[in-house]
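Next up: a single chain in structure tokens, the form predicted on its own.
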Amino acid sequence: MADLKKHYRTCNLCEAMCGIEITYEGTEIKSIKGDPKDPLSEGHICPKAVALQDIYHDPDRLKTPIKKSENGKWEPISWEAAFQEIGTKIRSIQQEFGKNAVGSYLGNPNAHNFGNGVFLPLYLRALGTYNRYSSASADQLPHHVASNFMFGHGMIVPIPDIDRTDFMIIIGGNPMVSNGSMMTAPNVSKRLKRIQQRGGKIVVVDPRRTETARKADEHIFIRPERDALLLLGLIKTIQSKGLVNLRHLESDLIGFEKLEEITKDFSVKEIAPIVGISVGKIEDLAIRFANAPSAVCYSRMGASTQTFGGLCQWLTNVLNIITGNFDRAGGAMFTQPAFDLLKITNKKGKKDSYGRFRSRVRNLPYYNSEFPVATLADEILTEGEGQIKAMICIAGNPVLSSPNGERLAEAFDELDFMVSVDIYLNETSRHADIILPAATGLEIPHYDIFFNALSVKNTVKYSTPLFGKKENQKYDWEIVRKLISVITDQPESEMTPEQFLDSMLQTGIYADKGLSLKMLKENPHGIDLGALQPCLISRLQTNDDKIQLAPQLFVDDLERLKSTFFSGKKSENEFPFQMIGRRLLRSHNTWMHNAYRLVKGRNECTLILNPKDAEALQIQNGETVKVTSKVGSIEIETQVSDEIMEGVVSIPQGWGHGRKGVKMKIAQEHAGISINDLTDHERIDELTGNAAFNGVGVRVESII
């Protein structure tokens, strides 16, 4: 026992940034617990953190590069030979077909990776293609587009001040499971309980009575994809009841008169039957929200990954602004991170990237220097000038995480060349010619560049590696830095992420506190920089330094909303159910299903079906059914529950492992079903390009 040691770090498996305490002896981990001294997570830990040791010891994890031979078998290849072949092939394809013939996909794990956060912008610049794609357009693009047009920068994202609010509306979010997606808030259960303990209220609006809804004071069912209409109904009520209060922002915004003109076209009486919520309930919710001492509306996945995601995030901001709950304690606030992304991505006075290009096949908008992932397969499969001939996929599994994954798998098979940077031979990387695996998890240093910018509290923390990487392993950033070199045929940079981080800390907003990498290493639990403070006006990057309350882009999109719901057209009966996704506590996207302790037990990859719908279809709980959409069909176990509203079904995201060519043992045993064998790549939010996973029409049939 004398050799037992403790290591403190941030768990980087999801956006919660929980501090953990690891007790270990040699390379054997004895325990992983929450770190009670972490100023953000305060000792909280979720089940996923224990999987860090499983990933480290996983025999399926790749540790050296492999190459697909002509007979389709995988063989080891040296780093030197791998990089040489990649450089030669990529340069050759770009010379023959142009820069845009090479596409790039960046997966969600990159947002949790310190080194890649520093080097990926340099990599994209070196690759020189506009055919860039990422998980952002399968998740959060509506948030960034709304921020871009309202505040001048996509990373000026409002964060619910959950620790001080008195009234919280949660639309399409389940932070009890996510720990606050686009709102980094570890131990949400405790934070929500504190709202109630101080006399506040929590209302959840969702087609499913989620884990969060069960803890809330009130749950309101809403029909999928109607959230923008509900938000308009709340805004309309606040205007008509004379409850608008702009507080300190009155002289710092423009477009209020336009907003009043817009809402004349909508009435709560018309909205109520469409959303499935009574006029009285809509008006009561609006009045309670406006009259609360402080309040905040938080709209997330259900409101983002739908055909009106952009409108939802814009209107959520509008609701918070017109009730005086913006840039104010207890409302929607803004972080002031020690590593400030705005400092290195300042956009003021620069031409915006939105719409700079349109995708070649479907004419979809370019934003944040990328196209929507929903059209990636189109750009590979459609011949002509600009067709993607090669792909570099870094830390992503879009075959399982993007719409109509089977079609994307078919597209990857048509490529002339493909590279995956991944620690597993998975459903996407199996299509590659070369796989480059990186050191990961406990072997890497960590500083959270992105989620400190989305946190409910300003903190700062650096984690040293627990275990050293093996001699023949490389960090992600070393791989990316080398890719830059071989793609450009230029000498490799000697810069390290730590050097860049230290510079940012010492010249940032907290420079007067003496922040430096050295200081962070001396404080392994992290440093508390305080609660969120009013700061929006100083961080605005709009050209006129004003909040744009009613950007024309969003105003114009209201016509699409009207024509969809007020045209009088009846929906088709071929697919009578609307399908929504859901997140599971022990999963995060497609990552975690090769850790046995996280997938053991009862099957969680089920179709949730309302009892009345089950009775009408003569389907029993636990029965395997066939679910069919426009693009495909699956067979899945049914879970009959009144937690889902009638006419709606739910399948969790991120499953569907163990397909042909994948050799991850545990993942195959706990494969589950991919919801993205049903989602339609043609269903997007036309405003932002984000994939519309929620609201997909499906048919459910017994197969007995």
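One-based numbering along the sequence shown. Given the structure is predicted, the values throughout are model-derived calculations rather than measurements.
Another form, the form predicted in complex with a small molecule, is not on view; read the next lines as being about it.
Not displayed here, the small molecule is kept clear of residue 160 by more than 4.5 Å at the level of heavy atoms in the predicted complex. Shown alone here, residue 476 lies within 4.5 Å of the small molecule in the predicted complex, counting heavy atoms only. Of the heavy atoms in residue 581, some are within 4.5 Å of the small molecule in the predicted complex. Proximity of residue 177 to the small molecule in the predicted complex falls within the 4.5 Å heavy atom cutoff.
Interface residue among 150, 311, 297, 301, judged by heavy atoms within 4.5 Å of the small molecule in the predicted complex: 301. The contact residue chosen from 323, 426, 463, 594 relative to the small molecule in the predicted complex is 426, the criterion being a non-hydrogen atom within 4.5 angstroms. Within 4.5 Å of the small molecule in the predicted complex, a heavy atom is found for all three of 105, 440 and 693.
Remark: of stretches 554-562, 394-402, 495-503, 79-87, the one touching the small molecule in the predicted complex is 394-402 (heavy atom within 4.5 Å).
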